[in-house]
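Quick setup: one chain, the form predicted alone, written in structure tokens, and binding and motion questions come after.
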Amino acid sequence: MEADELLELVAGGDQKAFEELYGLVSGPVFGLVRRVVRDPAQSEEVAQEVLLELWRSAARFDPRRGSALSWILTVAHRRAVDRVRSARAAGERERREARRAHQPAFDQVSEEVEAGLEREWVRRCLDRLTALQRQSVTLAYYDGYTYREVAERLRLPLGTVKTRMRDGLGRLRDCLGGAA
């Protein structure tokens, strides 16, 4: 039987006719879809969707507008193009989301700028300390040493380091208080 006759029988719900039509058109449908979609697994899926659609919509076939095979291949081509467009759109959405994820939020940018300004202000205030105060404060607060370790590194008595730290931190507090 020809595809036109089989499609009319399928429209009436004839399962045997559908099996025969399936055997007749599945190769050309898959070949067409494969050329458009390119991915073998996606192509198989689209071809199955097309063949399932034939079963459901066989009654829509109008033999006055062309042959059954051309109608079937038109349906297959449309489905394949839809799949390619859908995949491209999904890929573009993913790329947009990835770009959006890499752009820091406004709050993050403003916080980084503010932190940079604060660091600069602290540096200026540290520069106002005596060399001995700056050295003690830097070792303790930036390098993480305890007062005792600062005293050992500088080969000074612990009491002297504590005095430098107290005086230096007081001057820093006064200086930074003007930044607020």
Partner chain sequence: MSRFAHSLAAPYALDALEGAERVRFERHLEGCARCAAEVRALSEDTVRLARSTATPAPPALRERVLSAVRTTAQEPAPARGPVPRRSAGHVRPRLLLVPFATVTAAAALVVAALFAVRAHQTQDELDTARDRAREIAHVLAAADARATRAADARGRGVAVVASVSRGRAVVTLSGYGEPPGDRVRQLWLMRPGAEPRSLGLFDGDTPLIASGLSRFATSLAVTVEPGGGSDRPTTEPVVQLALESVGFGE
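Numbering follows the first chain given and starts at 1. Rigid core here is just the name for the largest C-alpha set that superposes within 1.5 Å across the two forms. Keep in mind the model is a prediction, meaning the values are calculated, not measured.
Omitted from view is the form predicted together with its partner chain, to which the following refers.
Student: Does at least one non-hydrogen atom of residue 52 fall within 4.5 angstroms of its partner chain in the predicted bound form?
Tutor: Residue 52 belongs to the contact set for its partner chain.
Student: Can you tell me whether residue 127 touches its partner chain? I mean in the predicted bound form, with a 4.5 angstroms heavy atom cut-off.
Tutor: No, residue 127 stays farther than 4.5 Å from its partner chain in the predicted bound form.
Student: Should residue 81 be classed as touching its partner chain in the predicted bound form when contacts are defined as heavy atoms within 4.5 Å?
Tutor: Yes - in the predicted bound form, heavy atoms of residue 81 and its partner chain come within 4.5 Å of each other.
Student: Taking heavy atoms only, is residue 35 within 4.5 angstroms of its partner chain in the predicted bound form?
Tutor: Residue-level check for residue 35: yes, a contact with its partner chain.
Student: Taking heavy atoms and a 4.5 Å limit, what residues of 14 to 31 are near its partner chain in the predicted bound form?
Tutor: Read in sequence order, the residues that approach its partner chain (within 4.5 Å, in the predicted bound form) are 14, 15, 16, 18, 19, 22, 26, 27, 28, 30, 31.
Student: Once the core is aligned, does residue 158 move its Cα by at least 2 Å between the shown form and the other one?
Tutor: It does, since the residue 158 C-alpha is displaced 2 Å or more between the shown form and the other one after the core fit.
Student: Spell out whether the Cα of residue 170 moves at least 2 Å between the shown form and the other one when the two forms are superposed on their rigid core.
Tutor: Yes, because once the rigid core is superposed, the C-alpha of residue 170 moves 2 Å or more between the shown form and the other one.
Student: Is residue 135 among the residues whose Cα moves by 2 Å or more between the shown form and the other one after superposition of the rigid core?
Tutor: The answer is yes; the displacement is at least 2 Å.
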